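The chain below stands alone and is given in structure tokens; this is the form predicted alone.
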């Protein structure tokens, strides 16, 4: 016999879809089917049932082979490594719950670590821009119910956030958007002809790295001032058309991704995008929102904001919180050989960092906490598998619009497996014993 768990939260991307239905066995030990999820979200749930899943910690030997160790041994290695390091890097924190992030922050404070999350290679520039000039934003619920002008800039939600358009931004019928997608106008700014761009009413195929120029041109076009014939590869007629389309709506929203946060200009691009939103508010209601990737990278920034006052790249090595992106960010520290141990939880720098940084991690004492086998687990000295957050254990996560949502447990973890929070609490206790605090 089976039972269906409804209103399950998907722990894949920052959209945090909350309408999944999961079929599990009566005893809660097996997961059979997942409904309403995108292909990636469904695979995350089903992967928890993989026959070849690693369920016990393991330590890499000198010849490259793995030796299974107990959780107690993994806790001892991790605590000793962090306590003895002069300046450990504790990276990741974007695919776990806020409760684990809070315990991890206590460890970081106890050992004088540098705490950094995946925003460092993603939306960190957005956070700098928000600190510079603030952000006029809204919730995804307001987008669904009010927005009739949607602008996607440097992002491809059709692939990266597969249900974003159907749940909130393009297709759903809301309270004031009863016609669904037929009542909305969609603009995409992207140098690539993506699947999202193929659905747009206006596709501005910008030249790579010239986002700042086009953003500035939109501000000029809003005021009806003269533009050069071509800006950033876009004819001026098309820029005027996009500007008028945005001004003519009742509620406009700009969603932006790494195509603009990590291109030339970086945080200054986002400064200008926020200025575009501010200007647009002179004609209609407008808001702007980053498309966050990992499902709880937003929560990581929130937790550290409460505890340290900064959302990422927090250096605790001097006994107080410092923050200076470019100096205290993970890749800069690794390249300058400024850290002497690496702890990774809830991310995969082995897949996303430059080769030079991954090589440094390989040569340092290192631990990765992850239910999956990843490129990072292949370069770290110890790999500790844990229960899937949002599948085998609940906890708080923040959606991309900064709305906190409680994720749900739907199935039991394999017998004897620890959760992120349990493992971190044990490590924190042992660190305090070693340091005598």
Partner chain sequence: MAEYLIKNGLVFDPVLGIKGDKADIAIKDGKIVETTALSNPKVIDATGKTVMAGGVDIHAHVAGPKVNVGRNFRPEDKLFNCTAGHGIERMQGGFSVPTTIRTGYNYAHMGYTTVMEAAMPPLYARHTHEEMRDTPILDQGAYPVFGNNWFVLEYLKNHEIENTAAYIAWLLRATKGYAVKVVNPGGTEAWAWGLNCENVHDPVPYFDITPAQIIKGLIEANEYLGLPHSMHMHANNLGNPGNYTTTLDSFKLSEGIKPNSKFGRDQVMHHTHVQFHSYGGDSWANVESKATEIMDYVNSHDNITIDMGQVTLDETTTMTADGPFEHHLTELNHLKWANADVELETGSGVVPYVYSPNIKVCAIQWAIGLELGLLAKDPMRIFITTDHPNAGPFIRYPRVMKWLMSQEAREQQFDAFKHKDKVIDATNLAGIDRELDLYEIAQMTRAGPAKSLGLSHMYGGLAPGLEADVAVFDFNPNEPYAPDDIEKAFLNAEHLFKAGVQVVRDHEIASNGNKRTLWVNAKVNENPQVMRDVKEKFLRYYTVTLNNYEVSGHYLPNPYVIEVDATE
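Residue numbers count along the first chain shown, from 1. In this text, all values refer to a predicted model and were calculated from it rather than measured experimentally.
Unshown form predicted in complex with its partner chain; subsequent notes refer to it.
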Original post:
Are any of the heavy atoms in residue 133 no more than 4.5 Å from a heavy atom of its partner chain in the model of the complex?
Top reply: yes
Subject >> its partner chain contact at residue 228 in the model of the complex, heavy atom, 4.5 Å >> reply: no
Subject >> residue 401 within 4.5 Å of its partner chain in the model of the complex, heavy atoms >> reply: yes
Original post:
Is there a non-hydrogen atom of residue 408 within 4.5 angstroms of a non-hydrogen atom of its partner chain in the model of the complex?
Top reply: yes
Original post:
Just one of 212, 308, 77, 240 has a heavy atom within 4.5 angstroms of its partner chain in the model of the complex, so which one?
Top reply: 308
**OP:** Answer with one of 418, 9, 13, 22: the residue that has a non-hydrogen atom within 4.5 Å of its partner chain in the model of the complex.
**Re:** 9
Original post:
Which one, 185 to 193, 297 to 305, 329 to 337, 215 to 223, holds residues whose non-hydrogen atoms are within 4.5 Å of its partner chain in the model of the complex?
Top reply: 297 to 305
**OP:** Taking its partner chain as it sits in the model of the complex, which residues of 119 to 147 have a non-hydrogen atom within 4.5 Å of it? Please list them.
**Re:** 130, 131, 132, 133, 134, 135, 136, 137, 138, 139, 140, 141, 142, 144, 145, 146
